[in-house]
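Okay, so here's just one chain, in structure tokens, the form predicted alone.
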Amino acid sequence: MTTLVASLLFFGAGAVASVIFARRQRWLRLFGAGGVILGSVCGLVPAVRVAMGAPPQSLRMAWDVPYGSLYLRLDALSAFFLVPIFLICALAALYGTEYLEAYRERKSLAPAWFFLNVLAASMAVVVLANNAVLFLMAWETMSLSSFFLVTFENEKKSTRRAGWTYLVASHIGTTFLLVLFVLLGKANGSLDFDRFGPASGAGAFFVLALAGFGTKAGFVPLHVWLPEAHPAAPSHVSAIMSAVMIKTGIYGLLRILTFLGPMQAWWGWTLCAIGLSSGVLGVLLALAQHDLKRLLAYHSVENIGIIALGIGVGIVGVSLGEPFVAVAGFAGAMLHVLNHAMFKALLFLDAGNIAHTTHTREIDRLGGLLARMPATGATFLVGAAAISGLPPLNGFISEFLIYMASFKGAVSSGAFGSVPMLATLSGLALIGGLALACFTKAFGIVFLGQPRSERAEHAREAGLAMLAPGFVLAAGCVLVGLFGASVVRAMAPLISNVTHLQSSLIGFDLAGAANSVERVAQFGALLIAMAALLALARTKVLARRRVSTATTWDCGYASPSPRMQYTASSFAQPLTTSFRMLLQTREVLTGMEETFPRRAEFHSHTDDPYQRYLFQPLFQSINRATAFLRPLQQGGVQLYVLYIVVTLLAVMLWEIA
């Protein structure tokens, strides 16, 4: 644990240095980013070793906090989640050294670097904590530090609104977790995780964990904060939040599953239902978006749904005594945690490159960027193909494992077990098809065609510090896709930690799954080799010929303009129209009253249905119901001190009585 403690100290030193050197930009950037990068690299080594099968490590120190202890433990589950946390944080910090320079003249960058170090440290402690009090303190620190990063551009009203939405959602989730750990501590006589064991009321504990951790993960309908906060944050922070911070919710849910004893089939059914609704609704809402980062945020909801599907299938497999279904389901879900971290961080960083040079995230104001930003376009294409689940990239491998688990479960289980499996199979197919359509829209409208605005016309490539993380992540997407079988085989300690199945069964079933993945990877390698040969042949053929460019067929228009191109809305309209009852898209068409109008405009907007029909009316009702309490908030410190004294007296009298 010495190396991990050193990692946390590097994060702390980076945070302190960010305050000390707040007015010295060069030193601020060096120490702020350096703390995150050094801490991540330092912690990555033991995390990889334990994730690959090395013995667990632990550290316990005395602590004066009631019921708490400074108890850290690195096992296979925590190590697996630490790997993407450290990887993405290091790359995001490198990216931030250049990205944040655009803000240097108008605001201090010290808070951004301070809270980035705190966020990295708190996420690491969340997955290392082996005591409920320590876990909740790290969880709250993670929520608060990410809140201040989300509200970095707090001069914007939309950013402040997004920040408060995120903060309220985070604390609602924390309330459920507080109740959960109090009940677990009462049932087991301790708040240390290694003292937790099976107890009565496991179903209630599961529901509390699902609500508390599901809020952070972004399960539907608890996802409404996510499409607000991710677009508002700086792009490297969006990458961290989407790629790894929301995965702490998945980690927490899995950790709780290891405490609750035998897994029950209805837990798996519930997660399959949540996964289907999150996946389908997330990708449909992404299709309807005009803001590039908001589109990516809804795809986080979609991919969290895919992870939930894998976990749900795995739980059903455990409960029905189907070891291959359990092993392949959990392996697919866990591998998708890693894969999503890579391709979603890649896409958010590339979206940051675009916003950095064009000063807009509106898809309909972009276009033609592939010729102006070829490196960003190439890496974005890799990320888009990976998130769409196309071979031979990593997203296909993890989804393929869930497909295999679901197909095996549908064939071998009875009527009771085959229903969630068949639903998962059909849901994954629908999600994959819609995701491919969405990213065809995103890449085509943003990078192809002609520029739709002057800023897109004059766009230029970002610097090396902003491009290098994208190259690393794109390479990771390709390598995991080609060598996914090795990753699957190395997941035996992780699967054993979660499922408690016999090691021999896990090894046998993982080997079978890995062999199938290896055959798919070989086919993917063949595709890459064929593409390379075709590219080489094309180069050779054209080497001796004169190559010129010309306008493509333009349907008879003598002078086509960028405004005649497809927009994001028109491209997605056939699909969004098919699901209009679910999306409730609002369309406004003006200027078409005349037979030959001189000017016409069309606008469409799709609200989140849960935000519009559930949470907005709910919070408006709460606001009206609690309006009588507003006179209590007078702004006087003396009055607030009086409230505290009265509360303490009431507590003392209650204890005496």
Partner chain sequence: MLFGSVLPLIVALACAPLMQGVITRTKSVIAGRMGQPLMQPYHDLWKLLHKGAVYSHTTSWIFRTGPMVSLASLLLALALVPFGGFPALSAFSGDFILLAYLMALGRFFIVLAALDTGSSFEGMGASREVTFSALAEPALFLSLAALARQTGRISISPLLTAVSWSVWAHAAPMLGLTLAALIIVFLAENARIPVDDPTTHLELTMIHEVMVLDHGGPDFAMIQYGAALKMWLFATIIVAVAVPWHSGNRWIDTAVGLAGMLILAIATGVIESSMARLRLLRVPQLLLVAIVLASLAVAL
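Numbering follows the first chain given and starts at 1. Computed from a prediction, not measured in an experiment: that's the story for all the values here.
Separately, the form predicted together with the partner chain exists; it is not shown, and the next lines address it.
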query: The partner chain in the predicted complex: contacted by all of Ser388, Leu428 and Ala531, heavy atom 4.5 Å; finding: yes
query: Answer option from Phe508, Trp164, Phe407, Phe471, heavy atom within 4.5 Å of the partner chain in the predicted complex; finding: Phe407
query: Among the candidates Ala199, Leu479, Val168, Met564, the residue which, in the predicted complex, approaches the partner chain to within 4.5 Å (heavy atoms); finding: Met564
query: Segment assignment from 211-219, 110-118, 389-397, 495-503: heavy atom within 4.5 Å of the partner chain in the predicted complex; finding: 389-397
query: Close approach of Arg460 to the partner chain in the predicted complex, 4.5 Å, heavy atom; finding: no
query: Any non-hydrogen atom of Ser413 within 4.5 angstroms of the partner chain in the predicted complex; finding: yes
query: Contact test in the predicted complex: Ser570 vs the partner chain, heavy atoms, 4.5 Å; finding: yes
query: Exercise: Ala384 in contact with the partner chain in the predicted complex, heavy atom 4.5 Å; finding: yes
query: Contacts with the partner chain in the predicted complex, stretch 503-526 (heavy atom within 4.5 Å); finding: Ser516, Arg519, Val520, Phe523, Leu526
